[in-house]
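The chain that follows stands alone, in the form predicted on its own, written as structure tokens.
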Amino acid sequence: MMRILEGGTSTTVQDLGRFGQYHIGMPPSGAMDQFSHRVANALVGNDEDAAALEMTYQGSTIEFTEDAVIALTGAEMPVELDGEPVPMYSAVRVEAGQTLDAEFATEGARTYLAVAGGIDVPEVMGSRSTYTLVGIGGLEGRTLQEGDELPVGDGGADAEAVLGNSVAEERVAGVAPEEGVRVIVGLFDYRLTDESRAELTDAEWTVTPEADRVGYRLEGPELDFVEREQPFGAGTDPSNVVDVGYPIGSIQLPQQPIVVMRDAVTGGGYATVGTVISTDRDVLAQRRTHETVSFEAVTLEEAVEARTARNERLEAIVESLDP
């Protein structure tokens, strides 16, 4: 059992997400940085979809009531176990009665805490992920708070087998703020003027304080739409189109760009002018408030190549670890 002494800024239970529910308006939720989540589970011998904690900006203080093996990945976050520093990207033993204290992240936005056996909260629609907008999944569908207790599953790897697990720094996904974010431009980029279409990828955008699991709101130059008579079924604003489905990572332009993230609504009437590729949504999820984002246009083929390379890197990490 894991007992929460302090909840942190925003800590939730997340697995890889719930799928197959888009037709009823249910987004996938799940870990914002999927790569880091998978590596955390691999380090402690879990299946990649086991539920872990996603700690945003400031982590939680947690008392362990039983022996456990944990791993921390993602954003650099100073973490201590009974006052002793806990290394990132390593499987670490925790004894019953010890307290883990996670402070403010020094680089990146989200740190993942996996425990051998996974966090054993009930599944809702096939996932343990928290979706706070409607209050389902995780622990009562909300962020964690003082007094919460999280059960740990029994299916984790043998502690002695995984305790030597660690991942070399050069093999870990970086969260450096200068990394570009690759996008496939479309579906409705033709609604932008030629100048604004170029500005989308030429400009430097700033992450606003409103960036969260629903969407990353960005600030930068104003983009202009081609004037037209709005079609029946679309709103009156030039940014409106007849309602369409929103893929995760799509860039909407109600006024300034919003990149739709894992807890977002699944459709609406704003023009989708680009979509962040799956690998780089992990990068964007680690971008902090007031840091900058630049978009780089790529082809579908380049996006698939990036996904293949990411999966091969993940597979190599998993194979290097004891099960």
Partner chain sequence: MATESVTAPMPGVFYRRPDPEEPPFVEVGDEVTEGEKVGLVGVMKNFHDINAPTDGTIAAINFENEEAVEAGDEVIEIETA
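Quantities reported herein were computed from a predicted structural model and do not represent experimental measurements. Numbering follows the first chain given and starts at 1.
From this point on, the text means the form predicted in complex with the partner chain, which you will not see here.
Item to check | Contact residue in the predicted bound form, from Glu199, Asp224, Asp120, Asp212 (heavy atom within 4.5 Å of the partner chain) | outcome: After the contact test, the surviving option is Asp212.
Checklist entry - Which single stretch, out of 22-30, 38-46, 256-264, 57-65, brings residue heavy atoms within 4.5 Å of the partner chain in the predicted bound form? => result Within 4.5 Å of the partner lies stretch 57-65.
Next on the checklist: Please tell me whether any heavy atom belonging to Arg110 falls inside 4.5 Å of a heavy atom of the partner chain, as the geometry stands in the predicted bound form.
Outcome noted: Yes.
Checklist entry - Is Tyr190 a contact residue for the partner chain in the predicted bound form, using a 4.5 Å heavy atom cut-off? => result No.
Checklist entry - At the 4.5 Å heavy atom threshold, is Thr292 in contact with the partner chain in the predicted bound form? => result Although the partner chain is absent here, Thr292 would stay clear of it in the predicted bound form, with no heavy atoms inside 4.5 Å.
Checklist entry - Is there a non-hydrogen atom of Thr9 within 4.5 angstroms of a non-hydrogen atom of the partner chain in the predicted bound form? => result Close contact exists here: in the predicted bound form, Thr9 approaches the partner chain to within 4.5 Å, heavy atoms only.
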